[in-house]
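The chain below stands alone and is given as structure tokens, in the form predicted alone.
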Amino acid sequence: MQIELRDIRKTFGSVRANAGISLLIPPASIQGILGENGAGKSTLMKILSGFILPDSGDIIMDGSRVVIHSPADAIRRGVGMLHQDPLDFPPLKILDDFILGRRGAVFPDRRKAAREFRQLAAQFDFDLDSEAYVDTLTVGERQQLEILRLLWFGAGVLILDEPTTGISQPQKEKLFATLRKLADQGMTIIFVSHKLEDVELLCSRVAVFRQGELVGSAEPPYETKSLVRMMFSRDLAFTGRTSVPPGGPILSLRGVSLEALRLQIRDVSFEARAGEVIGLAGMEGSGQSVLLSACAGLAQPVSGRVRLGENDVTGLSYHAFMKRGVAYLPAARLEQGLVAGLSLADHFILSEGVGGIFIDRGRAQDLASDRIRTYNIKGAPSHQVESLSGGNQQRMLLALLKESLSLILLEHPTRGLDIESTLYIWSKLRERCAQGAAIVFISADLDEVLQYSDRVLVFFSGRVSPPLPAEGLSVEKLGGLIGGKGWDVLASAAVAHG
């Protein structure tokens, strides 16, 4: 199916999300949409997929002008969208989620649906059990389920919004193989991303957005510097790893064992020292989130001891950890990190305690405005936090960090952020290290783990490696460990590096 967008315009108050975008997307192609956070990529795709209506402009599908009123209307016209966080229902079985929303009989034929589900899954080599529950799936498997569901609904155009955020390297490779196969079968794929490497690796053409406008396009072979220049209107400086000389221990775990649903972690021991960055790498669900929660007092060990500095804090609450200078930034931004319905200024009031008996609204507005500028958040103090894009919500979480911290724990700290924002955020985190804080973070991006970590803990099915110096690792070696290969040499490697 050929898609043509003509002079699409959309504003939200004073913000020009799309400023007259015109784009032709040929059938059987993988069209990349590249741009920084807030460039207008997701807005345009939400217009095409029926989530919002444009203020003006036309959508042309195979030569005919159409008006798409809703996501259901879009899927009837053959357009399906896979969101950054898949839209599914965790309490349901996979088959029930697969069927949900399908037009037809009030009581669907489950046997027929299960048979067609298995046939589709086998076609793309997806290992999904239709009787399992959605909440047992990784993000990558949830994406696979949603792709199968959209194909079953008859999608001929598949839109993917930042699909590699939060999935592992093997899951990304599987996803890319699936998209190439779909394009070969005649589908039109629209791949929205801020990741240059993903676009260059996958897409047959790319359109670059900046501040709501289409500023350029390119076809292979791509020139990375040219794409960066189009995205940001300037070149960006990429720096190597910069380490801070480590100080004394901030966080110490000794023989810690943890239990979670379908997962046990045994006998974990390590220290995070002042000025040090420790990366936690592994397939989603391998135990790194459980361990990070224990470092914040959100999960209690079944055995072993946790210390902050000289203090034994085993069994204490998250609030007790917070009082000792610990900050925890979860991956679930709106569900756990931010409060939907509150403005940006309200969040700083809660975070900083602005005021006494009476809230100092003026000071809160000034603080919010200052942090918005510092962290380049696309929003205003009065905006509700859920109105921000995913990347801007992540920047908001980082902007809420208190000034004086000894330990910062982060799940996917640059999830959904563009290159410029990633470089900036890590420069700010490294400033924290220079001030004596230790950082422990989780990332599915192996390049990020190796780029910014001093040492790395690798997770595989509940097993945890000793801390490994990042400078002695490569993406290939780290990927092998995450997949369960090379664990027999970890103990000797740890001894060799002290």
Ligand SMILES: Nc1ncnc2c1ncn2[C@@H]1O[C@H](COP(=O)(O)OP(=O)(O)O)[C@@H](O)[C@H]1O
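From 1 onward, residues are counted along the sequence shown. Note that the structure is a prediction, hence the values are computed from the model and not measured.
Heads up, the form predicted in complex with the ligand isn't pictured, but that's what we're talking about next.
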Next item on the list: Give a yes or no on whether every one of F12, V15 and N37 sits within 4.5 angstroms of the ligand in the predicted bound form by heavy atom.
Entry: yes
Item checked: 4.5 Å heavy atom contact, T43 and the ligand in the predicted bound form -> yes
Next item on the list: Consider S387 of the chain shown here, and say whether it contacts the ligand in the predicted bound form, taking contact as heavy atoms within 4.5 Å.
Entry: yes
Next item on the list: Go through 60 to 68, 29 to 37, 453 to 461, 433 to 441 and give me the stretch that gets within 4.5 Å of the ligand in the predicted bound form, heavy atoms only.
Entry: 29 to 37
